[in-house]
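Let's start with one chain on its own, the form predicted on its own, as structure tokens.
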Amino acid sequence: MRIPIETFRLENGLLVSLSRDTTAPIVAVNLWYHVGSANERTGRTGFAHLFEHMLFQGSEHVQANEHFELVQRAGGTLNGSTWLERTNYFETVPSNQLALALWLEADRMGALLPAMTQEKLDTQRDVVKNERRWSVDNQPYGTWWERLPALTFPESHPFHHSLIGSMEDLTEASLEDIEQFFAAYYTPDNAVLSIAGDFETDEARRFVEEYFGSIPRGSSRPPLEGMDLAPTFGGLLRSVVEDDVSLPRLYMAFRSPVFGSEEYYAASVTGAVLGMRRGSRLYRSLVRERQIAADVSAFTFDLSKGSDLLIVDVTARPETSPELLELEVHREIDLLIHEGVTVEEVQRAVALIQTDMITAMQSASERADRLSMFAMLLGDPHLLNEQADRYASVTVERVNRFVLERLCSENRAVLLYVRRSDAESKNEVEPIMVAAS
């Protein structure tokens, strides 16, 4: 399936992608900024995520929370998210409300700072702290989002530290930090805008030029620290976390080629062979046949700089010990290396991935998001139309070469959650321990 894509760039550097589809009378607006937790400086972890919250607190012509109110009153939905390499904001609205969604995004890109106050910062700082307590600190297995990157990336690497940030760093965030962060990263030349769905192309271009065209370029952005890493960890990395969990759970990560590279597709197919749905190798063996695990999945982080991660996530059955769970996952990976994948497994994996891609393209919001992803991370939104062919070209030989080179014992990182013993304090946190590096 190929979708229509038109692109243009404003003089201020904003790259715009348009994909028209009149199937349903809705339109999606998706804006990615090339800033995430990797861009945070020491002592300000969690700042990219905090800033995502701040952008919904009003701008020069929009009151606090009015962005939500205006879009929802118009019959639309909206949200934002933060990741290691990007922050994005998105709305899906009825077709006749495209101008509203674009104007709202442009107003906070061009005129956010006049509306920022200490009271808003204090409020959102508390909101983010509560989010951390709810989704990380007090959520079973919730700390895996920060423990696994800390285990798999060196301390000096931009991907090492916590995405949501520490309580101490959030407390120290100031209005001056807000101003500096906004000036450095929230500029049109550090952003991509995608519009997908039911719209008139000429009208959409006119709205974009009218609302975004006068926003000035940024000046300078601090460069990222060194991102390059060796292809493997060089040995087993291992961390055991005692937590308030009912079932043991194991995350096994492997260094993997970056998103969009030639060998990324072999890694992605390998993940699907291992843990994509109930027909996958790990699900068949560990869940259905041997009943060691309750659930299995495998996926890539889709990081575009330095190194990606391929992750296997396995939750044990109640009668399975942590030791047996870890042993059996290693055994399954070793068996895959010894036996290799089959033609049928690769064909199944490619078909599942392609089906998911086609299904996603039916959604205006998903289409806009993927256009932004390829525009920002790879510099060309038209690459979205090449993905089905890229996956179709993956051969058994390429997958088996990836398996031999990247699933070896020298390239495994194990994060194992076990039930906390009754003797330990519930507030005690097990530190990350590295067995080899």
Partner chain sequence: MTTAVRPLPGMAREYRFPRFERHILDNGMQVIVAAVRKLPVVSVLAVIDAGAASEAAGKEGIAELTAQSLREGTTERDGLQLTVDFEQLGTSLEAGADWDTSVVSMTLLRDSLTAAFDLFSDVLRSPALPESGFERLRAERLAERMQILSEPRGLADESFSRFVYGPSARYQEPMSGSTESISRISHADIQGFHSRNYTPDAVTMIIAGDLDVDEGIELVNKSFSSWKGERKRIVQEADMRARSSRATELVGKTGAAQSELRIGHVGVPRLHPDYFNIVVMNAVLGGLFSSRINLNLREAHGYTYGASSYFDWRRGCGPFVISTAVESEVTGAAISEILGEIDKMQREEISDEELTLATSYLGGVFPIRYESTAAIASALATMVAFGLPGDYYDTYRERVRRVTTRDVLSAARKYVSADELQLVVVGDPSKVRAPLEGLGIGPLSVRDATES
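Residue numbers count along the first chain shown, from 1. If you're wondering where the values come from, they're calculated on a predicted model, not measured in any experiment.
What comes next is about the form predicted in complex with its partner chain, which is not displayed.
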> Of the residues Q57, T45, S372, N39, which one places a heavy atom within 4.5 Å of its partner chain in the predicted complex?
Replying inline: Q57
>> Exactly one residue in Q180, S261, S135, Q118 has a non-hydrogen atom within 4.5 Å of its partner chain in the predicted complex; which is it?
In response: S135
> Among 251-259, 229-237, 303-311, 271-279, which stretch has residues whose heavy atoms lie within 4.5 Å of its partner chain in the predicted complex?
Replying inline: 271-279
> So, in the predicted complex, is A364 in contact with its partner chain at a 4.5 angstroms heavy atom limit?
Replying inline: yes
>> So in the predicted complex, is its partner chain close enough to H53 to count as touching (4.5 Å, heavy atoms)?
In response: yes
>> Just checking whether P318 would be counted as a contact of its partner chain in the predicted complex - the rule being heavy atoms within 4.5 angstroms.
In response: yes
> Counting only non-hydrogen atoms and a 4.5 angstroms cut-off, does R73 reach its partner chain in the predicted complex?
Replying inline: yes
> So in the predicted complex, are N190, H330 and G379 all sitting within 4.5 Å of its partner chain, heavy atoms only?
Replying inline: no
> What residues of 110-136, in sequence order, lie within 4.5 Å of its partner chain in the predicted complex by heavy atom?
Replying inline: G110, A111, T123, Q124, D126, V127, N130, E131, R133, W134, S135
